[in-house]
Every structure is written in C-alpha cells, then in structure tokens.
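First, one chain by itself: the form predicted alone, in structure tokens.
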Amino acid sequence: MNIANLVAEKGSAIVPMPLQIKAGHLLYKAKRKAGIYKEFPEFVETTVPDVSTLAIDDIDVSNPFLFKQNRWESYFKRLRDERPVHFQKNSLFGPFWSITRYEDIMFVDKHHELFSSEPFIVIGAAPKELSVEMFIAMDPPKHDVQRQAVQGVVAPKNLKEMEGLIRSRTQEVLDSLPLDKPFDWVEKVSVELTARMLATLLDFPYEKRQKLVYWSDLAGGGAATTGGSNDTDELFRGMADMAKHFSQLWREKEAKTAAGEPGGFDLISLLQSNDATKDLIDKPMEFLGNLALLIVGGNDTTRNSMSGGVLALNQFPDEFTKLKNDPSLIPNMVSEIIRWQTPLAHMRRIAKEDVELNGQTIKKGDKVVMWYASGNRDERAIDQPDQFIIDRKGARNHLSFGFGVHRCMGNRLAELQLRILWEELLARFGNIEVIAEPEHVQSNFVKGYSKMMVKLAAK
C-alpha cells in the first residue's frame, strides 16, 4: 500500500462514517454543478415496442421498462434464438454484451479467472463518491476471505435453530391477514416477512425493521445503476442513515464483547469475531457495501419469490390444485418458484482477457451481463420453461442463485423461508386469489413486484 492510500485509510478510520458519506455527497453535488459529472438521463416510461419491429442490433435489454411492463420474455427469446451473445453499443449504461442462454451463462459464471466481478455486479455504476465495496463484487482470494466470515450464519445447524423463529413470525403475519377482503400481498406479507427476517439476521432493532427494506430498495433502485427511479441525492442520504445505524450497532456489540458478554450468531457478531473482518468498520466503503449486499440479498430474492409464487399458482390453477392435494410437493415447488420468478434478473462481469463465446469475440475489458432471467427460460436446457410445474424434475437446476465462487450464500435460507410460508398458507387458507394485474418494479436488476392485490378464502 502506498503512503497516500495508507493516509486515506487511517483518516477513514477516524472520521465518523455518516460524515464521510455526507462529505462525499457535497463533493458529488459540487462536481455535478461544475459540469464534471454529466447528468444521467432520467428514464421516462414509454410503451415498449414489439421486439419483432426492431433490428437485432438495436435490441436493448437494459431498458428497465421491459420488466415493469412485463414485456421481457419475447425480447430475450429473440436474443436466445438469433444472437445468444449479443452486443449493445448504445445503451445508457454504456456498451455491454448480453449472455442469454443457460449453458453460456453457466460458463461465464463458473470462470471467474476469465470474467471479473469487480468493481460492480449490476449493469450500471454508482458515483465514485459512493463506490462501496462488497465481497460479491470482489475476486478471489479477497472474496473468499470475506464470504467465509459471514457464511456461518446460514450454516445448516444455524438454519435448523432458526426454523422455529421463522415459523412463529410467519404464523403471526398470516394470522393478521383479513379474509374475503382485498389487500396488498407485497406490503402485508412479502415485505413484512423479509423485514422481520433481516432484523433477525442482523440483530437490528426490531421496531426499525422497515428501514432495512427502504435501504435495500435504495441500494438496488438507482437510475444510474439499474434503471430505477430513485435519485442519487436520496441514495446518499439513505446510505448516510444506514451507516449511522450500523456503526452504532457495531459499537454497541463491541462494548458488550469487551464487557465479557458472549458474542451472538448474527452477521455483525460474526464479522467482529473473524480476524479478517474484525476491523471492517475502519474501512467505511467496504463496511457499508457488505452490509448493503447482505440486506439486498436477504430482501429482494425472498421477497419477490414470495409474491411470484402466489402469482404463478394463479396463472397455473391446475398446479394449485395439485399442491393442495399433495403438500409434500412444497420443497420442489419452492425451487420452481425461484426459477420461474428469477428475482434478480442479471449479474455483470468484466472480461479479463479476450474470450470466444458462441461465435462472438468478447474483448478484454468488455462489460458482460449474464441474464439469469433469460437462462431460466432457455428451451435448450429446460423443458417447457415458460410453464410453472411444481413437480418438475430437476427443479433445483436453475440459475437464480448463480454458480461458481459467487453462488448465493443464502440460498438455503431463502428456500427455508419460502417452504415455511407455503406450509403455513396451506394450513390456513383454501384459496389465494390475485384480483388485479400486479404492478412491477422499475429496474433491470430486481425482477419484482411493487403491488399485488389479493383476496384470501378460509380453508
């Protein structure tokens, strides 16, 4: 490490993290006012055209309204059929390659020596003044060290111990729902259950759990990063608030440990007890980035799969009947939900060297986007991929959790939450009817729901 970096790191350890983010915000606004930063164009919604009207080179699957208007399937099918490794040179996010077939995505995901996940795993980029670091956007060996520090929280033994708590909180939420009256499933069930789980994993103040959801939505919802609607100023303010709360939580746990209290088994305690991450709070962008990663990972995947499963069973009512007749299919159905929904649509990489893939030459330094949402609908790898089949053979062989060193750390926890939810739903309700077209999130990364009105019938 050179002297300048050493001084910067020492300074970061002294200045409170929220103040550093506020200072970065002021610098960002000054640069924007001076014209150093170009304003990122605001996304204005227009009707997504029929893909058949476009030249193949003009197809831009980074358009967040593809998912918001639920027009994405035909776009990706055309790319899979005609140009499975597709170059878009005029995107608002800069030029990028789209990888759309199952096998090609697996190849990119598994070969981290050819494709780097640094510095971001989304298609866009945050301002330099808020360039957080997270282990999912790191290459080995640093990635492996930081992941190892926290993966114990989702180890099988700990998941078994958490099952009772997850079930009791699921029962509490479901018992509060009205019968035969419309309500928003996203707000009342999906968001609430994931907020409760996140608060448990982080040992975050339970009464403030909705902050975790808000911060997750901010981190994954910026126009410049994923085509969302959140503005950058709101992102800076939200991250400063997040830094304040987690810095306080970290210090409180440090004080308890110093006083002789045994450490907990939450994510913060695990980071503090590991030699590689015990000083993480002195590296603000790394500290904030990894917490943002754990929050987004724990929020969006489970939350949107909770909603997606309800929608799928409404669109495929014969499968709902099959489920009621045989609840033992729930574990397999959970995997099918996660495939069919694909709650995170893509992951991005950067080519470390020239790579030939499916007849195309990807140059060193090119941005490469693996579209999991497309790979999970690839007819070459999955039989009847657009169908929702709860007893599908090999249902767990989907792309939603990724592959290789970056495979989702919390996949078993997500599956556990969804399994418990459906076990408790079937025990209480005879039907869950979606009574209006759901509203989708504006994003090219989070493939999810902002609203879904439903009505419950008693068993």
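Residue numbers run from 1 along the displayed sequence. Because the structure is predicted, anything quoted here is derived from the model rather than measured.
There is another form of this protein, the form predicted together with a small molecule, and it is not shown here; the text below is about that form.
Contact flag, residue 76 vs the small molecule in the model of the complex, heavy atom cut 4.5 Å: No - in the model of the complex, heavy atoms of residue 76 and the small molecule never come within 4.5 Å of each other.
The small molecule contact at residue 407 in the model of the complex, heavy atom, 4.5 Å: Residue 407: yes, in contact with the small molecule in the model of the complex.
Touches the small molecule in the model of the complex: residue 403 (any heavy atom, 4.5 Å): Within the cut-off, so yes.
The small molecule contact at residue 266 in the model of the complex, heavy atom, 4.5 Å: Residue 266 lies outside the contact set for the small molecule.
Among 160 to 168, 67 to 75, 289 to 297, 270 to 278, the region lying within 4.5 Å of the small molecule in the model of the complex by heavy atom distance: In short, 289 to 297.
Output flag, 59, 88 and 223 jointly within 4.5 Å of the small molecule in the model of the complex, heavy atom basis: Not a single listed residue reaches the small molecule in the model of the complex, so no.
Heavy atom within 4.5 Å of the small molecule in the model of the complex - residue from 389, 355, 201, 240: After the contact test, the surviving option is 201.
Residue among 347, 189, 333, 313 with a heavy atom within 4.5 Å of the small molecule in the model of the complex: Selected residue: 347.
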